[in-house]
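Take a look at this single chain, the form predicted on its own, given in structure tokens.
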């Protein structure tokens, strides 16, 4: 990195925040806390793990019980920056922002978190991701939520964009004045319909009795790895700790492939076999999320395909579903 503006920005960020960024760990590119700028990987490749843990921890205590009173837990929310988030992960973050818009615990953490997107070859690199789950308009940044976006241009210089008041203040604090403000206009264009998303929504919704789910059920192990690495899986469980010393309620990531996910009183489980679980997962991504939030529940990051122990490829599954008449 030879750009003075970027060095100034990074110096300020490391002084003011706890930094999470993509970095190599045992040969794998992972999102984690980094201590210095030299550790950051600027390749723009997809990290094996999602960013959602920065915004939504895998486990957190919500409140404790003190006698007959419930006391909200005084969680500490340090000042954090998510640095180097690619455009597909920004798409996932945009969905999380909508899902947890009224969640007080998420919002408290979010107020202390700065999201910095990054592209190593803007805007060409977006086309390299082979997005299959939706159509994306040319004006990509207008449909993403972020505070700051850093784009590396062909001349090896860097362009800075602000996507929020907080991002604008941060850039000015670090003496970066030649940035462009991006106004968020919604997750999908208002002037056109995302036909690919709507077609997939209809195809998946009407495919419950199709052979493809029986075929997938024969090989799927229901291990849940796909859900763990998915940047848009946001289901959670609430667990009450009956601990005499420290009783309270814990929120944990949920996983629709786990046996207890759909268990209700009396032991009944609507998702009682592998076929039901895998179909439920695809319906969540391609039917319920688009219907409720008007944006895809899959960003085409490919993480689920890479971690699947039996080689289920979500892109090929969607291709096969699209061919069903």
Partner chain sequence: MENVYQTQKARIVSINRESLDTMLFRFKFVDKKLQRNFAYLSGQFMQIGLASWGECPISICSSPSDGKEFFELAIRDVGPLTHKLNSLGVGDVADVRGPYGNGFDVDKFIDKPLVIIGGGCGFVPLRPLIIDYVNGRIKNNKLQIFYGCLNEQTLLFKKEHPLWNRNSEFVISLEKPSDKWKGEKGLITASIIKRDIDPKSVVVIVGPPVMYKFVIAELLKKKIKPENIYVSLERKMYCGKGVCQHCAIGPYYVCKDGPVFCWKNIKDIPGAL
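From a predicted model like this one, the values you see are computed outputs, not experimental measurements. Numbering follows the first chain given and starts at 1.
One more form of this protein should be noted, the form predicted in complex with its partner chain, which is absent from this view; the next part is about it.
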Its partner chain in the predicted complex has a heavy atom of only one listed residue within 4.5 Å, and of 72, 139, 121, 202 that residue is 72
Which one, 25 to 33, 41 to 49, 296 to 304, 62 to 70, holds residues whose non-hydrogen atoms are within 4.5 Å of its partner chain in the predicted complex? 62 to 70
Indicate whether residue 76 is a 4.5 Å heavy atom neighbour of its partner chain in the predicted complex. no
Does its partner chain come within 4.5 Å of any heavy atom of residue 273 in the predicted complex? no
In the predicted complex, residue 186 touching its partner chain (heavy atom, 4.5 Å): no
Could you confirm whether residue 166 comes within 4.5 Å of its partner chain in the predicted complex, counting heavy atoms only? no
Going by its partner chain in the predicted complex, which residues of 254 to 277 come within 4.5 Å of it through any heavy atom? 260, 261, 262, 263, 264, 265, 266, 268, 270
